Every structure is written in C-alpha cells, then in structure tokens.
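Shown next as structure tokens: one chain only, the form predicted on its own.
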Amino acid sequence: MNFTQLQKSLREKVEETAKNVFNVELENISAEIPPRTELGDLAFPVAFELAKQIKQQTGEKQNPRNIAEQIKTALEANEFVEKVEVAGAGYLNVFYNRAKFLSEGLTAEVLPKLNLSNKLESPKICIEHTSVNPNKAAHIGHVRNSVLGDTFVRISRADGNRVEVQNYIDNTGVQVADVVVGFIYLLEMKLDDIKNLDTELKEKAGNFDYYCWDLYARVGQEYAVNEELKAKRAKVLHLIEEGKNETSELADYVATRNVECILQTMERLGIRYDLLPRESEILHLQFWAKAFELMKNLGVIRLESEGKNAGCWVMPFDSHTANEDHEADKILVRSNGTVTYTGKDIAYQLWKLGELGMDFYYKLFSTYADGKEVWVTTDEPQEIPKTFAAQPPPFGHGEMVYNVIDTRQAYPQEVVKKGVSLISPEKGERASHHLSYEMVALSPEAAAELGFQISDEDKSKSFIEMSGRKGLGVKADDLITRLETNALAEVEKRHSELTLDEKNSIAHQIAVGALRYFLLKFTRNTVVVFDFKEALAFEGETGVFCQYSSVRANSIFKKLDETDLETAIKTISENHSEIAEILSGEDEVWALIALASRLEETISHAVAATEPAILAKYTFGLAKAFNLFYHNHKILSEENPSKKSLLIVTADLTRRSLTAALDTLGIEVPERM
C-alpha cells in the first residue's frame, strides 16, 4: 500500500458512505494535504458538499459536522488509518497508521506505474517537441522546448503511459529556403561543393550547423539591401516543395545534416526521439490533399472571393478576429496555391491521432550508442530485409497528442485543434493539447560571459533578448560547453585526486542537471532569464543542490555495512509497537517519509496539469527536507537500534524517491560532488 493507493481507497470509502448513508452520489471528491503533519496526512472537505447536495435533494438542512462524524467512522475502519479528527465546521483530518504504513511499504517501488509504460495495452500518447527548423544550429530557446518536451515524456511514462516521441522536421520551410539561397546565390555552391565543405569542416572539427548559422544571418542581412536576392526565395521555396530536382536535393542534404547535428546536441542533454516526421512527406504523400478534401466536403473551410484574403482557403474562426496576424493564421491555402504551416499541421495532427487513413513510409535515420533507433519518414517504400534487425514500429495512432510549441503559436494551435475537431469530433478537441512556453533570455552577466558585446544600455536591462535571424543568439552547444567548463573548475577544486575523465564525467552531469533544472523550475508561461552563476549554485533552488542532496544521501549507505539496510527493514517489521511510539514523537521524520512517498502522486499531478515545474518544485522540496533531516539526526552514531533502523529506512526511502524524481527530470546523480 502506497500513499496513492491509500488515498484512492479512502476516496472510494467516502463515495460509498455518501451513497449508502445519505443517498448522494459524489463525483471528483477533493482531498487536500494539510500544511503540517501534526494536522493530519489527508483532509476531506466533503461534508460541506454533502450538506449542500442533501439540502438540494430533500430540502433538509444538515450540519456538516454531523455528516463528517458519520464519514469519520467509516474511514477509521481502514487498517492504515490511525484516527480521523473532525475539525472546524466539518473538515475530516485523516492520520495514517505510521508504523503500519512504513513496515508494509519499506521496499515498495517509488514509481510503480513506470512498469506499465512499455505495455501495449497502456494508453499511447504522441509528444512532439524540439522541432527545430533544420537550417542551422539549435539555440537556447530550442533547449527550453526540448527539455520541457523530454521531461513531459519522462513524467508521462512514469505515470504509466506508452509514449511516442516525435521531432517534426520542417525541411521544406522558408528558413531552409533562406540557407539554400545563401549557398546557391551568395556562395555559388552546388551540392558537391557543399558535401566537400562538410568534409572539410569535419576534418577541422568544425560544425556544419554553425556554418549554416552564420550563413542564415548573412542572408537576412543581404535581404535588407538586395530585393533581387529576396525575390529568389519564392522560387527556391517552390522548387523545394515540388521535390525531385537539383535544388530540392541540395536542400535535403542541408536539412538532413543540420538534423544530425541537432540530434547530437540534444543527446548531450539526454534527449532522444523515436520518429522524425518530415514536412516534405506530408506534401508528397498527399496527406494535406486528403485533409483538404475532407475539410471542403464537410464545409468547414471556404474560398474567400473578396477582401484581402481573396483567393485563399480560410477556416472561419470567431476568436481573436481583431488581430491581423490571427486573421492570417486562419488561412490554410494562400491565393498562390501554397499551403500554410497551419494547413500542414492539421494534416499532421490527423495522422498522429490515426484519423487520416494514410501512413508514411519509414527508414532508419540513426542509432544511439545503446542501440535505440530513430526513424525518419520518407515518400517511397523502403526494402528492409526481414533478417535485418531494424524494422519500423507502428507509429502514430495516439489517444492523446501533445505539441510543445512556444506561446506565440497559441492561436495557430487553436486553429489546428479546431480543424481536427471539425473533421473528427469524437477525438479532436479532447485529444489535442498545446504545451506552450515563454522565451528564454540572458542576464547581462551571462551574455557577457558568452562573448556578446554588451552596451551600457543593455547592462541596465534585466534581460537581453536574442534573434536568430540577426545572428544574435546562444547556440545550445556553446551554452552546454560553457556550463561544463564552469562545473569542471568546481570539480577540480573539490576532487583533484580524480582522473580527468572522471572529472569531465561529473562536470557533464552537473552541467546538464544545472541547465535542465533551471529551465524546469519556472512554470511554462514564465520568461526564463538564464544566468550561469545562479544555475550552478550549490545552495538555493538549483539542480546542483538537488544532486548534492542525493549524493549526500548515498554517502550514508557507503559508510554502513552491506547488511545494515536489510537489518533495519527487519527490525521495523518485527518491532511495530516500538516504531509506532518513536514515530509518534518524530513529526519531522514522518513528514519526510510522507513527502518521499508522494512522488507518484506528484507526477500524476504534473501530467494532469501539463506542468513539469510541479515535479521540479517537489524535488527541491524533498532535497531541502532531507538536508534538514541529515543535520538533525546522526544516523551512524544513533544508539537506539529501533530508532537507528527507522532513520536508515527513512534515508533509503528518501534517496530512492529523490533519485527517481531527478531521473524523471532527466538529471543524473553523480558519484560525488
């Protein structure tokens, strides 16, 4: 029995009592966690709702306190409940049987639902994140998208869901076209020239995506003064979308190489994917044509005959009509016949939900070091020998779809959701979710550390915004490398005796933990102002502090004998009454046990709220509570065998929950700090 199961059991008992005693059927029975364990472990305000419903049904007025007293008796029949108190006007405060709960849950898994996430009968959800335009290196804003998406993948799996991770590749978009314009018209390069350049860059340890970053910025500057060059964008874009020509082949090479670089960047952060769906296939395999016909036949879009949108296919949508950008987002097909991002996204979303009746062809894109495969879509059948290990798994057909896209895309995402729901009412709105997030900026100090020229005006600002088109941005790899360098300096101060490989490994774990936690501790719709010093601090709400707390917890068990934990578990199981007596006077210890036992519940809450920050805050709270416990209780020198056993088991439960929470956040626990 864990806390989640016990809460479920108590809720069911409340529901049963309400029906049998008061003839009232309750839905969504709310429960609260009291602020302090002295006030109980769980509180039900249900008596007030019951009193209200009884009066509505019978006209009879009943005192909520009297109602609570009758529910109290039913709840106290549960063997894991020590007592129930009726407080105030009718609150039910439930106190758990601490010793019984502890003795029967000593070795329980902290995330039992995780075992369900790879089972075919588990509900499947598709999570799309990263989706970087494959025209240049990823930047810090993409890192926030990827970290949020990857963490939502992890918490969804921990909550028992089967998850498919998709990274949408917009390989036919304007950004790719701009880089192609640069290669063809500014550098006068053909495909073979670009391949030779790529080889030269590899030999010099250069990065193809960095080269494209600079070229993209140069093209943007040239557009501002060269209208003739800017006019070539439309021609290039048309050729890329059309496919099977020299320009599209060049664009495909450029996009594919950038995707390879981006995947390597994300692998540094422990972020991986199952499928890379490409926009080109949505066009070439007629996904959009199928969705377009469905919408026309259902009458959910119309061809405008007058006004500024004349000749465009538009989806009528009443909200946000005052904004010109929002008006443009309703256009699915432009007057020149090209399909907008929103139109293609509707077709893609229908495929994700298994509602399009069509499928991609697939080929193996790459394999991670541990053998995990990444697949990519293609527009032609692929011959994969049956003897070959790599066979494409069934993709798509999700029960739910989550799209991690920044908050500026909120309205287009509404249009996509609306379009899908009009075609597939039974799934549409219920199944489509937009995980929006705000931008990432730099503190002036962080910008200066990364080599930006900071003006006096910028120094006075609270943060500095970036622009990839202007070349003013922080490449993700540069950011990670700087964090690793700073972390390595700290590791060398503390552990000069380690080998360089050991130091680098720890520095990498600290850097990734610092970055991931910093981006996760803020709620999704908060602007993040990144600062190196704050992210890498050993004190305060940081990933480093959480890692340090977990390392400290592990250090206890390095000093104990191998059999001490097993002995402690046996002692608690055999000395129920003595442990109960000790726990009755150790509210701080019980509070830590209770907090460590709420990991599964916290993860379910984070999934339901689509907010990874909930788990990040929980993890920091658990780390902070453990440090207080560590300072207040001398575990190794405790003389009372039963109390020492209690402290050992408490430390073990906490370190397991803390390690699991950090792992779910994508943060490793180093051997030492």
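Bear in mind the structure is a predicted one, so any value in this text is a computation, not a measurement. We call the rigid core whatever largest set of C-alpha positions still superposes within 1.5 Å between the two forms. Position 1 is the first residue in the sequence shown; the rest follow in order.
Below, we turn to the form predicted together with the RNA, even though it does not appear here.
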Within 4.5 Å of the RNA in the predicted bound form, heavy atom basis, the matching stretch of 284-292, 403-411, 564-572, 192-200 is 403-411
Distance check, residue 539 to the RNA in the predicted bound form, heavy atom within 4.5 Å: yes
At the 4.5 Å heavy atom threshold, is residue 548 in contact with the RNA in the predicted bound form? yes
How about residue 673 - does it come within 4.5 Å of the RNA in the predicted bound form, if we only consider non-hydrogen atoms? yes
Can any non-hydrogen atom of residue 100 be found within 4.5 angstroms of the RNA in the predicted bound form? no
Select from the listed residues 627, 70, 63, 58 the one whose heavy atoms reach within 4.5 Å of the RNA in the predicted bound form. 627
In the predicted bound form, the residue from 279, 178, 209, 150 with a non-hydrogen atom within 4.5 Å of the RNA is 279
State yes only if every one of 170, 310 and 605 has a non-hydrogen atom within 4.5 Å of the RNA in the predicted bound form; otherwise state no. yes
Hey, which residues along 330-345 are within 4.5 angstroms of the RNA in the predicted bound form, non-hydrogen atoms only? 330, 331, 334, 335, 336, 340, 341
Residue 45: after superposing the rigid core, is there a C-alpha shift of 2 Å or more between the shown form and the other one? yes
Examine residue 363 after superposing the rigid core and state whether its CA is displaced by 2 Å or more between the shown form and the other one. no
Core-aligned C-alpha movement of residue 533 between the shown form and the other one, 2 Å or more: yes
Answer with closer or farther for the CA-CA spacing of residue 538 and residue 143 in the predicted bound form compared to the shown form; it moves by 3 Å or more. closer
